[in-house]
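Below sits a lone chain in structure tokens, taken as the form predicted on its own.
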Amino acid sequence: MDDPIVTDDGNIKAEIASNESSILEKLEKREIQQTVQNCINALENEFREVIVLRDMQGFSYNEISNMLKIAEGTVKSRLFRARDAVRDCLKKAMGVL
């Protein structure tokens, strides 16, 4: 299959398929990212700030607790609720419900 193709002008090597994502795949990925961002933006501020600090910026529960001056348990509770709300929003946006 990878052998050169013989023509009247000589040998021409067959093109190898690209490993790069197709335009359609790139558009779908961008659309999903925008949907996720819209769901995060729709959260109340107290939930949005913990999900951004933890899941996007990678801070620990303790660091977030110190930054926001709230108990670590409150951070975990808000994060659970924020993730749950984002999950529900995504299900609705993707037509899964």
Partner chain sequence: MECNKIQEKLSAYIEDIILSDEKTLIEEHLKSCQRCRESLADLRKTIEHIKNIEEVEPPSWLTQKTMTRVKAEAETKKGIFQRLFYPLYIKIPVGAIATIAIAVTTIYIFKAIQLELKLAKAPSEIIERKESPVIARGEAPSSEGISARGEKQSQKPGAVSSELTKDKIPSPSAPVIPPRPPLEKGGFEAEQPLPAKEPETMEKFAESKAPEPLTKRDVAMPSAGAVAKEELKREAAPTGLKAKVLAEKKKEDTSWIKYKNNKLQIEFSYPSDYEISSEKYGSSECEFFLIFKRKQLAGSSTKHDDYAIYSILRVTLVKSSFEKAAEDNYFQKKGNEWVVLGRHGMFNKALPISGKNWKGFKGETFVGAHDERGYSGLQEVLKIFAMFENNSDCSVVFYSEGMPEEIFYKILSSFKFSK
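Residue numbers count along the first chain shown, from 1. In this text, all values refer to a predicted model and were calculated from it rather than measured experimentally.
Just so you know, the form predicted together with its partner chain exists too; it's not on screen, but the next bit is about it.
Among heavy atoms of residue 37, some come within 4.5 Å of its partner chain in the model of the complex. When contacts are judged by a 4.5 Å heavy atom cut-off, residue 66 does not count as touching its partner chain in the model of the complex. Residue contact with its partner chain in the model of the complex: residue 70 places no heavy atom within 4.5 Å of it. Its partner chain is not drawn, but in the model of the complex it has no heavy atom within 4.5 Å of residue 62.
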